[in-house]
Ligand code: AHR
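Read the single chain below, which is given as structure tokens and is the form predicted on its own.
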Amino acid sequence: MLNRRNFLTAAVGVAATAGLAACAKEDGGPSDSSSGGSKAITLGFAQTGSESGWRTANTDSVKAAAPEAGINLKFSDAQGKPENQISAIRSYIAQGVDVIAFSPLVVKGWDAVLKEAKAKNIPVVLTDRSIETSDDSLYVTLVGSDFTDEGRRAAKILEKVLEKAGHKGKVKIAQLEGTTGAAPAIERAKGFKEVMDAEHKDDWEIVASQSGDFTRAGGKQVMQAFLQSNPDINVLYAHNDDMGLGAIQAIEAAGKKPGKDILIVTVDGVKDGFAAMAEGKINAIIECNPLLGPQLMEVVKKVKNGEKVDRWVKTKESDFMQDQAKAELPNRKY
């Protein structure tokens, strides 16, 4: 995990180069709205990357919602590197955008660059993920999910999964964590453990827990190692569907049946996850809605106009058991 010193060092080094183009991909757009010749709101958005189906859907939602809302979007892809996000934000500050939004790759290391935005009176909106900051005034609001509650929901739905499977005896859980230092990884683990410690201290145990970096390849690789060191694992809790899908490959390669020999609960709700659940390979999915674009554009307009917005604008989400998968699959658009 990068610490704050590393963030700042990387940021200074990147800022001294030719700018954002050297380390992140940026897409721009027209500076004026097409109606009436009035100047459109310009939003600078710094995305984490494209590490999963969820993230791709999130990006598509933001890109589609901006022109529909009459907002000029400047978009950058950090390619999984926090220093690229910092560089993107500095680029947006230099360009004088009206609002900056970003989905923080990790929770720490943002104070310096956000203070620069504040000094230029550019409001900042967090999307999807939260940050830890010494000054709460450095951002206006967060548009996104409650990851801690998603962890709690995962633990509660696991209770239903175990009951439906008729499981008896010790529950030995493997946990595939998200990117180290990222808010969803920290909070999904926290919420799950809250329920486990309060209600299942005697019968549930996390026997292995490691980051799979929110990718299928990472999920497969880490699950292979888990099964070698802990062959008696009977539950997998994956912080996203993509890691769970990778883990399924490892489980099958080990001669075990996902969804039966190892019960699986994942988070996100992407189409591929529901397809696997319809095949009986995932037992339950906790939805984390990536389609934040329209909600974000509504908030951006309010922020630009100086209107009051809630400190946290939460997204609406549901939970799904295996017997709901086939009916829900056609509704998955991402």
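Fair warning: this is a prediction, and the values are worked out from it, not measured in the lab. A residue's number is simply how far along the shown sequence it sits, counting from 1.
This next part talks about the form predicted in complex with ligand AHR, which is not shown.
- Annotated contacts: E51, R129 and F147 all touch ligand AHR in the predicted bound form [non-hydrogen atom within 4.5 angstroms].
- Contact with ligand AHR in the predicted bound form, defined as a heavy atom within 4.5 Å, holds for exactly one of F214, Y92, W110, F102, namely F214.
- Heavy atoms within 4.5 Å of ligand AHR in the predicted bound form are found in exactly one of 232-240, 164-172, 72-80, 258-266, that being 232-240.
- Not displayed here, ligand AHR is approached by R55 to within 4.5 Å at the level of heavy atoms in the predicted bound form.
- Although the partner is absent here, P184 lies within 4.5 Å of ligand AHR in the predicted bound form, judged by heavy atoms.
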